[in-house]
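Just one chain follows, in the form predicted on its own, and it is written as structure tokens.
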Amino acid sequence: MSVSLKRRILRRFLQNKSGVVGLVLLSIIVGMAVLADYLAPHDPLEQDIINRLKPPSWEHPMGTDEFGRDVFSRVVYGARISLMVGLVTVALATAVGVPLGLVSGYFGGLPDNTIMRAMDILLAFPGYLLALAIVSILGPSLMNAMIAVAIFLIPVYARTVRGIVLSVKNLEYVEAARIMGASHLAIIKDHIFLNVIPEVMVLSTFNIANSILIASALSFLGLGAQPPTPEWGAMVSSSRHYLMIAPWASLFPGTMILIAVLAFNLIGDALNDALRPSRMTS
């Protein structure tokens, strides 16, 4: 990808107001995660039963939870966990799903049928149900929740990449490389994979949002992050019994889930518009 093309893509992205808003929101979340040690006024795990369920104040900007822990500190540290969940699950799904899609689409035949039937089996289950089943087998933990979400996302990458490969593998420049004696690996690496990258980038942005949402749901059900880990979904779950008397304990972590998912979706939409082939040539 040339420097001028990268600049055009960046310019189109920055011209999208929604994308800029998403980028600002994501920057705030990343800043919270990176600077958590400096932003958090209290230890996120420190309990103070005497001051439990206190409303927001100067000392506790977001109040305290049922154990007297500072909600703001837990929300700030929770940004690290949510970003880690999104990035790790998408990285795992990409590392497995993209090669499967490349092999399936390029070689066809038995490899294609075998891989796609396996993906169809995974896609036959609703996403949350599949994640629940996997975590139930592996046991409740944040790591197992990330593995479950990654397995759920693998078919999405495999089928998407396969479709792109099928659309480009018989184009003239690919046929020319094949006639000139290029190996299968060289053709895939130098000619086909370049067409896959933009779509994978956009798909990964949306899937980070989905990963955060699904992992938060698993933690809410007690199958993801375990107490006293300051994970947003687990925080909402542990404080839901006090909604009538201390709504802030669930409201703030729930709002952060909303903001994180919204940020990645807005960025994904803007990135999709910036990388759209019809506009790349304009």
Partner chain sequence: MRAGVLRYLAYRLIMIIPTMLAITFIVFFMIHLIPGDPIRAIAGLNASPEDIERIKRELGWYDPIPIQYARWLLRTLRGDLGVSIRTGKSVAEVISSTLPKTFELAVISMIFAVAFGIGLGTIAAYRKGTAIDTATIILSLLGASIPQFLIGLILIYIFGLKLEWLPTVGRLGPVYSWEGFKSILMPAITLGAYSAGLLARLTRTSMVKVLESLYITYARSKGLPQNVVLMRHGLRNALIPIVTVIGIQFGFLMGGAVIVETIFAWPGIGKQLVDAIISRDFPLVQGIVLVYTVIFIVINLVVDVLYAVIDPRVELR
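Residue numbers count along the first chain shown, from 1. Predicted model, so just to flag it, every value in this text is computed and none were measured.
Not on display, but discussed next: the form predicted together with its partner chain.
Participant: At the 4.5 Å heavy atom threshold, is residue 258 in contact with its partner chain in the predicted complex?
Facilitator: Judged by the heavy-atom cut-off of 4.5 Å, residue 258 is in contact with its partner chain in the predicted complex.
Participant: Is residue 217 close to its partner chain in the predicted complex, meaning a heavy atom pair under 4.5 Å apart or at it?
Facilitator: The answer is yes: residue 217 has a heavy atom within 4.5 Å of its partner chain.
Participant: Just checking whether residue 20 would be counted as a contact of its partner chain in the predicted complex - the rule being heavy atoms within 4.5 angstroms.
Facilitator: Residue 20: no, not in contact with its partner chain in the predicted complex.
Participant: Using the partner position in the predicted complex, report whether residue 166 sits within 4.5 Å of its partner chain, counting heavy atoms only.
Facilitator: Contact check for residue 166: no, nothing within 4.5 Å of its partner chain in the predicted complex.
Participant: Candidate spot 35, 271 and 274, all three in 4.5 Å heavy atom range of its partner chain in the predicted complex?
Facilitator: Judged in the predicted complex, none of 35, 271 and 274 sits within 4.5 Å of its partner chain.
Participant: Exactly one residue in 95, 180, 129, 110 has a non-hydrogen atom within 4.5 Å of its partner chain in the predicted complex; which is it?
Facilitator: Result of the distance check: 129.
Participant: For the interface check, one of 183-191, 85-93, 100-108, 120-128 should have non-hydrogen atoms within 4.5 Å of its partner chain in the predicted complex; which one?
Facilitator: Heavy atoms within 4.5 Å of its partner chain in the predicted complex occur in 120-128.
Participant: Mind listing which residues of 232-261 have a heavy atom within 4.5 Å of its partner chain in the predicted complex?
Facilitator: Sequence-ordered list: 233, 236, 240, 243, 244, 247, 250, 251, 254, 255, 257, 258, 261.
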